[in-house]
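Consider the single chain below, provided in structure tokens and representing the form predicted alone.
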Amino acid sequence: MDERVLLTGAQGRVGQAILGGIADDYEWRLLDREPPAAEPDHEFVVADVTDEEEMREAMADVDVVVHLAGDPRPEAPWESVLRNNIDGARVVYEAAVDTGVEKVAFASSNHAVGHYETERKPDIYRKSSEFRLDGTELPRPSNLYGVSKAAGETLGRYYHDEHDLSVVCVRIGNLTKGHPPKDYERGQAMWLSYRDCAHLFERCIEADYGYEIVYGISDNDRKYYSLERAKEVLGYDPQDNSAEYTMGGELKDDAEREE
């Protein structure tokens, strides 16, 4: 695998999950606003995604951008999501076009569609529910952070249609390490394991696509996000399932799994 990949927001939780699984598979250029606390294993660039010149420099000789950087707080104020998430995404897409990057994988969020749950919860979080979101629905953000992620998806659509940039937007669920969120029904329905997260973004780097919106969760028995598009277009093959764990985060034995 010869691709050179720029990973923005590399020191965040999603970035660490990706690097924990596929750090040895690509030539990485890591980017974050803050310098690393320890000597990094890969090239590291300290830059702000809202700085157009810095982003063009960071994308020199890059094939794929995995764009994670931004304000990740669901309660983030408008001033922050406008600058860091919306304008930051625009700068990243524009720099990708300017420097000849082939693909951008954009970290969107479940919050971009959070209000689809409003009139359906808690039943939507349970295995008996057949309701699925598949990426073709319009956004229904549940907070201003979700608004910013919906805007990033729309920007990706524009840069694909206007400049033929390949863009995949991953609506990430609830990423936790080792086990699903404890005692949290919604979190278990949208659980994304670290292993599946790394594999999903590996497929975003490797697959061929035009413009796609996919859901980033593990293959949980109870889910209200469809994985069909991620499987069909990207070749995503998730290995983990929140049903294999108790609500307390303990791995079930064989008898418990068959119940």
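The first residue of the shown sequence is 1; numbering continues from there. The shown structure was predicted, so the numbers you read here are calculated from the model rather than taken from an experiment.
Below, we refer to the form predicted in complex with another copy of the chain, which is not included among the displayed structures.
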{"query": "Another copy of the chain contact in the predicted complex: Ala150, any heavy atom under 4.5 Å", "finding": "yes"}
{"query": "Heavy atom of Ala107 within 4.5 Å of another copy of the chain in the predicted complex", "finding": "no"}
{"query": "Contact label in the predicted complex: Asp183 to another copy of the chain, heavy atom within 4.5 Å", "finding": "no"}
{"query": "Contact label in the predicted complex: Ser128 to another copy of the chain, heavy atom within 4.5 Å", "finding": "no"}
{"query": "Interface residue in the predicted complex among Asp98, Asp123, Glu79, Glu102, criterion: non-hydrogen atom within 4.5 angstroms of another copy of the chain", "finding": "Glu79"}
{"query": "Option touching another copy of the chain, based on a heavy atom within 4.5 Å in the predicted complex, out of Arg157, Arg132, Lys177, Arg73", "finding": "Arg157"}
{"query": "All of Leu138, Leu144 and Asp161 with a heavy atom within 4.5 Å of another copy of the chain in the predicted complex", "finding": "yes"}
{"query": "Heavy atom within 4.5 Å of another copy of the chain in the predicted complex - qualifying residues of 64 to 91", "finding": "Trp78, Glu79, Leu82, Arg83, Ile86, Asp87, Arg90"}
